[in-house]
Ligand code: SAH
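This document opens with one chain alone, in structure tokens, the form predicted alone.
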């Protein structure tokens, strides 16, 4: 069975007409779901009741199924969604989507700021970072555009969104066509601007250069994780042999072409890449470049032999960078008591 989000405009219009509706009803249907966030046919009162009944029977809005929700004490909710792998309804593959509420309400009327939503671009990950649970089960397939968009809609249904990040399971640049089609809907129909959307990649230089020339409508983050070539070849296996300087040069080209600074993500692994030697070498790599560094203390995964930095080490690392002219922030973990590590809930569901 198909789903509403999987159908293009003409196919959706044909589907609606075959069930007694008019072609303009298809536009209203899409507007209800994507722009307004109405996910129940019965609530779409601008459609005839008879048509709503037929659509509720014949056309599910989503292709995915919500299999589990992990909620942390800080309000972070991680959704485990499954999509059909083949023709069998029970043969499915899993991805994660994370809804992260703001720390504090806005000043004034007390209304909460919108949340940050983290979505996945692939089922599994081909990059193979040894500290990340996302790749432990391998890559199963790229997500279709409607499966990516579904994550955004399910996330918004949990609460208003302030920003969205494609930093979940998968390498976005290896599924760019489907991702961009989904992001077109996020920007043009859901109404989230390009500056509120960040795509994270391990940084394929050639792909980044071509992408920068295409007037991309999102912010860029590059997962760096270490300034040392041999260590990066180990920590980011998909980039083994690709010079770190080539990745940084592609980031420079991104800024020169788009006018938007790159954020370099750096997961701090206790005793591995959080030493003074690393901080000094990272400073040498980035000083003078138009960029920032996002330091991310590691979220432990029981199956993996890595640990969070010792208390105080992230702040010391940050202060070293700042003291030498490199913009650096710390992204403190959210949802630590709710399977926070990327891919962990999916791994748990698979019995690993």
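Positions refer to the first chain, counted from 1. No experiment lies behind these values; they were computed from the predicted model shown.
The same protein has a further form, the form predicted together with this ligand, not shown here; the description that follows concerns it.
Requested in this report: Sort through 263-271, 149-157, 208-216, 95-103 and report the only stretch with a non-hydrogen atom within 4.5 Å of this ligand in the model of the complex.
Outcome: Comparing against this ligand in the model of the complex, the contact stretch is 263-271.
Query raised in the report: Though this ligand is not shown, can you say which of 59, 28, 296, 63 has a heavy atom within 4.5 Å of it in the model of the complex?
Result: Checked against the cut-off, the match is 296.
**Report entry** Answer option from 76, 226, 116, 223, heavy atom within 4.5 Å of this ligand in the model of the complex
**Finding:** Spelling it out, the residue with a heavy atom inside the cut-off is 223.
Query raised in the report: Would residue 70 count as a contact of this ligand in the model of the complex, using a 4.5 angstroms cut-off between non-hydrogen atoms?
Result: Flag for residue 70 set to no.
**Report entry** residue 131 within 4.5 Å of this ligand in the model of the complex, heavy atoms
**Finding:** Yes, residue 131 sits close enough to this ligand in the model of the complex that at least one of its heavy atoms falls within 4.5 Å.
Query raised in the report: in the model of the complex, does residue 318 have a heavy atom within 4.5 Å of this ligand?
Result: No, residue 318 stays farther than 4.5 Å from this ligand in the model of the complex.
Query raised in the report: Looking in the model of the complex, any heavy atom of residue 201 within 4.5 Å of this ligand?
Result: Yes.
Query raised in the report: Every residue in 84, 178 and 185 with a non-hydrogen atom within 4.5 Å of this ligand in the model of the complex?
Result: Result no, not one residue of the spot touches this ligand.
Query - Partner contacts in the model of the complex for 46-76 (non-hydrogen atom within 4.5 angstroms of this ligand) - result: Heavy-atom contacts to this ligand in the model of the complex: nothing from 46-76.
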